[in-house]
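First comes one chain, alone, set out as structure tokens in the form predicted on its own.
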């Protein structure tokens, strides 16, 4: 039996105003460093964490949104965004950062990390996890 656990980090909150989004990103990077099967889910206001052009000047918080671009380097390649949450907020896939990873089996070809999923598909993915962390 494998010691590798399927870990899903579920992000439901806006990126600034609380520490949840930043803490989620930190523990994702830690989990990935320990060779776990890491995936992220963004739903509800959590979809704002991946939007382009974030400006935190008036929040008093550091803008950490560029850190998401490093996820591929940590082999975090499964980023699920609930399409219904995007639709409800008037957002499109083009409003999100372009997150990629390099596939060494295909001569380091860049591949998209973000996968749009329905609520039902996300529920199925969640049911398949060993451990889930909610932020």
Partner chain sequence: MKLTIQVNEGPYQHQAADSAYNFAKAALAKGHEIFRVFFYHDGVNNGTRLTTPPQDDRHAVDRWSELAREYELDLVLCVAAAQRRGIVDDGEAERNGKDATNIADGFRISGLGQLIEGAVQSDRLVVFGD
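Keep in mind that this is a model prediction, so the values were computed, not measured. Numbering follows the first chain given and starts at 1.
The protein also exists as the form predicted in complex with its partner chain; that form is not presented, and the subsequent description refers to it.
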{"item": "Residues 9, 19 and 27 all lining its partner chain in the model of the complex, heavy atom within 4.5 Å", "value": "yes"}
{"item": "Contact assignment for its partner chain in the model of the complex, among 77, 97, 54, 36, heavy atom within 4.5 Å", "value": "36"}
{"item": "Residue stretch of 27 to 35, 86 to 94, 44 to 52, 99 to 107 approaching its partner chain in the model of the complex, non-hydrogen atom distance within 4.5 Å", "value": "27 to 35"}
{"item": "is_contact(residue 115, its partner chain) in the model of the complex, heavy atom dist at most 4.5 Å", "value": "no"}
{"item": "Partner proximity in the model of the complex: residue 23 to its partner chain, non-hydrogen atom cutoff 4.5 Å", "value": "yes"}
{"item": "In the model of the complex: members of 98 to 135 within 4.5 Å of its partner chain, any heavy atom", "value": "131, 132, 133, 135"}
